[in-house]
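Presented below, as structure tokens, is a lone chain in the form predicted alone.
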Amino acid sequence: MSGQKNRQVLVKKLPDGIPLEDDFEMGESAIPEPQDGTFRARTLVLSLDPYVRAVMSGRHFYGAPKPGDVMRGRSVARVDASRHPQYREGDVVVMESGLQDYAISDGDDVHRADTGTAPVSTALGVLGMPGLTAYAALLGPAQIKEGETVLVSAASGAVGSMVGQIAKINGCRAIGIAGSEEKCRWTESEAGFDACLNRKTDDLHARLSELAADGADIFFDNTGGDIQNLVMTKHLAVNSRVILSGLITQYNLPEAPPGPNLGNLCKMRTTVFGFVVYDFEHMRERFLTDAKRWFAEGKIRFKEDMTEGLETAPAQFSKLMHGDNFGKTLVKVAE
């Protein structure tokens, strides 16, 4: 591949607050060659995820990047050169690649993209880590039961929309909270939620008191902040379960805010579970079997917010962290 370069999105400076496009810069390096036991893959579609902002702030178990480092990110990629016994040229995989055209991997934390009849991009969304997050949490620690009320924040996103759809498949009521009327309409009409509240315009306390008078049996929280505080102190059912999956409202803050008063958790006999999807890899095969079938049967809908071109990734990430995305945030890099 003489003369070609590997384009990369580099950290120019660590953000102060919400990341800006100018916090990143484009760079390039030589296209790497695989060594024994590794393969090289060409990025097809990149996933942009809120947790990366927590990584950049140093509040994540991944180490914080330094200026000049390649921005972290997972991708669907195609193997184009291999000296690895388990991966051949042409294999399409999901891997931690960083935001760049080409990446080298030794096969750790790599799996083949398996989406059945769904588009391959869903391997980064409803049939990927976000979908597994919803599935493993609800069927694992949340112990979802037919007839329960499931409340989920960030309901139009890849994780939140799957939480509601899996809840409906399991015979539960699904109530979502999202950030616009457009997102709420999609969540109700396409994803099949029983109701969706607009966090910017609705009186959440009043509406939740109407829709779930006895409280939510399962609260799946992706956001933290005021919504978490309201639900955990006023809108939980007896023997409820809270899944703490994401804290997007905190990722741009210099320090974590004070938490809610926890007295109501004791009163309502609530179980709170700090959920990290990487602990549930053993459920991946079961998840994919179910999710591919649900998609083929028309029970799973998804929404993607995709731009085209690696150079659009900084602006797309800033858009995500401003909360202006709608659906799973992706960047198409190559065919």
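Note that residue numbering follows the sequence shown and begins at 1. If you're wondering where the values come from, they're calculated on a predicted model, not measured in any experiment.
Another form exists, predicted in complex with another copy of the chain; not displayed. Remarks below refer to it.
Peer 1: Decide yes or no: are Q228, C266 and R269 jointly within 4.5 Å of another copy of the chain in the predicted complex, with each residue judged by its heavy atoms?
Peer 2: Every residue of the candidate spot has a heavy atom within 4.5 Å of another copy of the chain in the predicted complex.
Peer 1: To verify the annotation, which of these, E308, E33, E285, D279, has a non-hydrogen atom within 4.5 Å of another copy of the chain in the predicted complex?
Peer 2: None of the others qualify; the residue that does is D279.
Peer 1: So which of G259, P85, G90, P254 reaches within 4.5 angstroms of another copy of the chain in the predicted complex, heavy atom to heavy atom?
Peer 2: Flagged contact: G259.
Peer 1: I'd like to check something about G274: if you look in the predicted complex, is any of its heavy atoms closer than or equal to 4.5 Å to a heavy atom of another copy of the chain?
Peer 2: Flag for G274 set to yes.
Peer 1: Any of the heavy atoms of I144 lying within 4.5 Å of another copy of the chain in the predicted complex?
Peer 2: No - in the predicted complex, heavy atoms of I144 and another copy of the chain never come within 4.5 Å of each other.
Peer 1: In the predicted complex, is there a heavy atom of another copy of the chain that lies within 4.5 Å of any heavy atom of M95, even though the partner is absent here?
Peer 2: M95 lies outside the contact set for another copy of the chain.
Peer 1: Should L244 be classed as touching another copy of the chain in the predicted complex when contacts are defined as heavy atoms within 4.5 Å?
Peer 2: Looking in the predicted complex, residue contacts with another copy of the chain include L244, since a heavy atom lies within 4.5 Å.
Peer 1: Spot the stretch among 228-236, 109-117, 71-79, 157-165 with residues whose non-hydrogen atoms come within 4.5 Å of another copy of the chain in the predicted complex.
Peer 2: Among the listed stretches, the partner-contacting one is 228-236.
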